[in-house]
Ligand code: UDP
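There is one chain below, alone, in structure tokens, taken in the form predicted alone.
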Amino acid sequence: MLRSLEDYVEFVGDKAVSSIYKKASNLYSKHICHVNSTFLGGGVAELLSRIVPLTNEIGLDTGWRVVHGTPAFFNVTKKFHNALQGKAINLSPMEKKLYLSVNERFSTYTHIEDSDCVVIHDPQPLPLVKFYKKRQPWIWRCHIDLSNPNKELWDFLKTFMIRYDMVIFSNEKFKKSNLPVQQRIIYPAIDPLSLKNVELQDKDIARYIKLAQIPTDKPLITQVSRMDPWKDPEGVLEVYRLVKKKVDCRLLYCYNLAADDPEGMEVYSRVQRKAKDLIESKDLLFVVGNDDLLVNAIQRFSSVILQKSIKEGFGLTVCEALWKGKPVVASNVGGISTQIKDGENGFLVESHDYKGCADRVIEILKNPNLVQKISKKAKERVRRHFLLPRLLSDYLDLFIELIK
């Protein structure tokens, strides 16, 4: 069901909604085009599936294009993703050529040059700006952790970034002094009316948990994320083993596999091999998170939500759990630290500190009063800072500024 902006009044108030309508009135008849690399799986696709219809609903003509990449292309761009988050890379001339050729070919049959503003998401479609006759502002929206990018790859990709009018990051730490382009911070946001975040009654939660065949005899620790090495699912396993020594509980990976991420199955298989004993004892469960209502129910049913990322651009799953008033233990990296104030609305730990993470989880499981204390603050912080209308408002400010 498509939503109208008025549907969000109950969350953000009349004043915020009225302000968005006034901003939109400056952009009637303008055409915005978003481009990314997948329509399903991962936070970027989820954001676009919510923000694009809402932008259209308030009066802007807004389109969404998806790059048609080959498996070889996505193997290369996953290497890019990893290298931009600090991993070493051996970038061959052939890989550069493949990366550019897919984007060039895409430009020959996808018309976006009639747009008044183009928003390119992440590295996969970054070079598109080179293959169109630029007649309007172009924005590069980077959703990944750029705190320490690989220099070789950064120097290569920067040749495309400097063609852009603005670059958007999710954290002040990601700004680059050696990038001579205007840079701005815009935080991602969640949709409180999406199936993944809408309120559920206890009976509905119980029904989905039963359908997913999740036992209810023990506290449940859950991580919701792609099967990605940067989400550290193997580290989650080590944390759980430490917690299990002190509290009898169960671990659940609620995961999905993005179409543009060829590493997913490899990581999934590796975790399964390392956790064979836990799988056999049914203390470890895997649930595919393609059903948003099921993910919603799992998050609400869980006793603790983990997000033990090594690098993280923002981490929408943290926001989702906080919105549901759940106790979250997460790594103090990237955009996660923007969402959580340690000890106030959740808990931050260092990504390498398995024992510290386990101690926090144990503390939560043994102290129900602590959960009550942080629950309301967790939800309120999301309501104030990380809901969809605020993101829409930020985008409108951007478009008004750039579209002359």
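Keep in mind it's a predicted model, so treat the numbers as computed, not measured. Heads up: residue numbers just count along the shown sequence, starting at 1.
Unshown form predicted together with this ligand; subsequent notes refer to it.
The partner is absent here, but in the predicted complex a heavy atom of 295, alone among 295, 200, 168, 251, sits within 4.5 Å of this ligand. Proximity to this ligand in the predicted complex, defined as a heavy atom within 4.5 Å, holds among 317, 222, 77, 331 only for 317. Contact with this ligand in the predicted complex, defined as any heavy atom within 4.5 Å, is confined among 66 to 74, 353 to 361, 43 to 51, 366 to 374 to 43 to 51. Within 4.5 Å of some heavy atom of this ligand in the predicted complex lies at least one heavy atom of residue 226. A residue is said to contact a partner when one of its heavy atoms sits within 4.5 Å of a partner heavy atom; residue 164 fails this definition for this ligand in the predicted complex, lying far away. In the predicted complex, this ligand sits within 4.5 Å of a heavy atom of residue 231. Taking the partner from elsewhere, residue 145 is found to have every heavy atom lying beyond 4.5 Å of this ligand in the predicted complex.
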